[in-house]
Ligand code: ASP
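Given next, in structure tokens, is a single chain: the form predicted on its own.
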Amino acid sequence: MKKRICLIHTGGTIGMVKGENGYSPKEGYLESVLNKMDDLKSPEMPDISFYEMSPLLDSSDMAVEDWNRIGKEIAKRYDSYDGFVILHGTDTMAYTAAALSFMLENSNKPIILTGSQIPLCEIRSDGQDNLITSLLIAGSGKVNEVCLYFGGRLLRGNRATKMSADGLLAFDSPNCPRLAEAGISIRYLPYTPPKIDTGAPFSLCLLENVPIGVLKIFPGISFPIFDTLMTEKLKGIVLETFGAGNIPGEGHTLLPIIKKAFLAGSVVTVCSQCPQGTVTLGAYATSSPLVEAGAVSGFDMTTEAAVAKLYYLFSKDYPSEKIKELMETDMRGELTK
């Protein structure tokens, strides 16, 4: 029996057309293109139902409420389909994949985000291969979690990050092995799926748009200017540090600011600016004070995953101490401790 896959179009380059002001999404266009695509009618393809969200968005316009809209559409159809493919723009695709991995609680179905760097309306578009392969992977049922497929690589959704603005191999997961590789054939690789509570039903956790900030450390940074930003209203802070969690020697001016944020209930999570590797707070003298000030380690989480996880945990209404504990806990395969 053929698997039933729901194809949800949120916008993005894959379904854009060229206008006076450049490429933009056009409602109804993508469905007309798909209806003419003979490959989608192949016996090897799953049964596909198409749904187009409105309004369609350039992914740079994606916000928390849009993650909630996508989550609601999946939840509404969850029991009716064997899997889902989400068409999405590339700029924030990794953020949405990470967010969905937390929001869709106890999901055990393939949910694959994909898109393209070149619109389907252009002759060299990479969109057709990304779309068809994503549908085949979703229909196989071999990888049952939130994933991102792009340019021959199937990646864990909350481990993916965009690596190139104009290359067709736009995404990778530097700290997590790929789940599958598509060449002449689709090769599924050994992996450990995220833990789920098999006794609990699928549920959707909608995210609250709590104030979260990302602070990138750079040489010569003047920390005092951030003092006014880190008020009790700022619930979560992702600190992108050097290397394994290091800050400049003059970072002593940052520590009271972090301490103040911590005492106000903010959760400060330290991630690395390096695409590969992990944060090890205390490995160097320049990172030890961060722990004393109340910061927690993001280990090898991407910034995208750390941001999405903070939104999720605050939306669960956990106290800040519980959130600090869970930020350092692997919940969906998002980190290696």
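Remember, it's a predicted structure, so these values are computed and weren't measured experimentally. So that there is no doubt, residue numbering starts at 1 and follows the sequence shown.
One more form of this protein exists, namely the form predicted in complex with the named molecule; it is left out here, but the text below deals with it.
In the predicted bound form, none of the heavy atoms of Met327 sits within 4.5 Å of a heavy atom of the named molecule. Under a 4.5 angstroms non-hydrogen atom cutoff, the named molecule in the predicted bound form has Gly89 among its neighbouring residues.
In the predicted bound form, Met16 approaches the named molecule with a heavy atom inside 4.5 Å. Taking non-hydrogen atoms only, Thr133 never approaches the named molecule to within 4.5 angstroms in the predicted bound form. Scanning Gln117, Ser266, Asn246, Ser107 against the named molecule in the predicted bound form with a 4.5 Å heavy atom cut-off leaves one residue, Gln117. This chain is displayed alone, yet in the predicted bound form one of Ser49, Ser54, Ser288, Ser60 has a heavy atom within 4.5 Å of the named molecule; that residue is Ser60. Across the options 137 to 145, 197 to 205, 179 to 187, 109 to 117, residues that bring heavy atoms within 4.5 Å of the named molecule in the predicted bound form belong to 109 to 117.
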